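Here's a solo chain for you in structure tokens, the form predicted alone.
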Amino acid sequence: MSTTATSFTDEMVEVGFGKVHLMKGGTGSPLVIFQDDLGSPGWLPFYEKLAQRFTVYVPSHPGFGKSERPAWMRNVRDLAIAHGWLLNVLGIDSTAVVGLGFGGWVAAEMATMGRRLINKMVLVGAVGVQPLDGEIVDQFLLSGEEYVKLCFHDAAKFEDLYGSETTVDQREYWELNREMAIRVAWKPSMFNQSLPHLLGCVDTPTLIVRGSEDRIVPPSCAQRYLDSLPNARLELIEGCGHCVDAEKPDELAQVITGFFTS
């Protein structure tokens, strides 16, 4: 899967804590996509599909990708507050949000901070809550490349995106992102014990999505989000792993568009 060369902007946005890398494209109401901790190799077909209906914003988390790393940042709630700051700088008062994997955790934390930030959200393969059955894969027991491959159900989709042999630059990019993930999400690994309790106050309409073959996040995480959020429903996408956006971009974009426009 190659990146799609279309009309989008790629810029560094100055926020009070540092510069944030932002891709933006499309027209229509705003839609913010919070990436997984893997990051993104560019403007992907998934973004382009959504950009046909929305103005799509894809920021890199502070400390991930090309975004500057705030030395003080130590947890995912810090990340969520920083993203709220970014939205304020961008002039976005209330928006639809898609959170992918680790980005789903960021979105969920933001939602607990008030309805003003997010009016609807989709959580795709989200971490952030402790599974009541099974475990979230400890990626730090694997190399970056081994972990990313485990995120895909179809190995050919991995090769479409990253090639049959990954580059040194790509592997370094993953390791830098994993270093930041360790900093903000290590103890406990990839969840916040408080989050399920705080989600009880979130009435934001939420769609929870998981790939049927996700080997990273157990089904009980999606179920826990479903049980914790008062206004949520679950959608299962067959035949894909953790990276639903990369393996089933058209299907996921269609589901998301239907939810946000209903």
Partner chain sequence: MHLMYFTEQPMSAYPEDEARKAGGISALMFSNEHFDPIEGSRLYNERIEEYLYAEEMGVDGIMLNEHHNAPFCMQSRINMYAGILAAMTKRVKIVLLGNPLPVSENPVQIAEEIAMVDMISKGRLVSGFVRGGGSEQFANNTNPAFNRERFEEAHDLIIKIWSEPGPFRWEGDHYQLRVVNPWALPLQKPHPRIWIPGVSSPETIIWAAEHRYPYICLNTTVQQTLDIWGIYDKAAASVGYQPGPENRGYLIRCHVADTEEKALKNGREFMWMLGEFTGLGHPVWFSPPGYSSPESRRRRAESQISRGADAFEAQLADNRIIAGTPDQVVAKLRIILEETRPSILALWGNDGKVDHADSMDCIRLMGQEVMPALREIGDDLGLNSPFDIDTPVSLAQTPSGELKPVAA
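Numbering follows the first chain given and starts at 1. In this text the structure is predicted, and so the values were computed from the model without any measurement.
As for the form predicted in complex with its partner chain, it is not shown, yet the points below apply to it.
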| query | finding |
| --- | --- |
| Residue 176, heavy atom within 4.5 angstroms of its partner chain in the predicted bound form | yes |
| Residue 183, heavy atom within 4.5 angstroms of its partner chain in the predicted bound form | yes |
| Contact flag, residue 93 vs its partner chain in the predicted bound form, heavy atom cut 4.5 Å | no |
| Exercise: residue 160 in contact with its partner chain in the predicted bound form, heavy atom 4.5 Å | no |
| Which of 186-194, 152-160, 112-120, 94-102 sits within 4.5 Å of its partner chain in the predicted bound form, heavy atom basis | 186-194 |
| Stretch 157-173: residues contacting its partner chain in the predicted bound form, 4.5 Å heavy atom cut-off | 168, 169, 171, 172 |
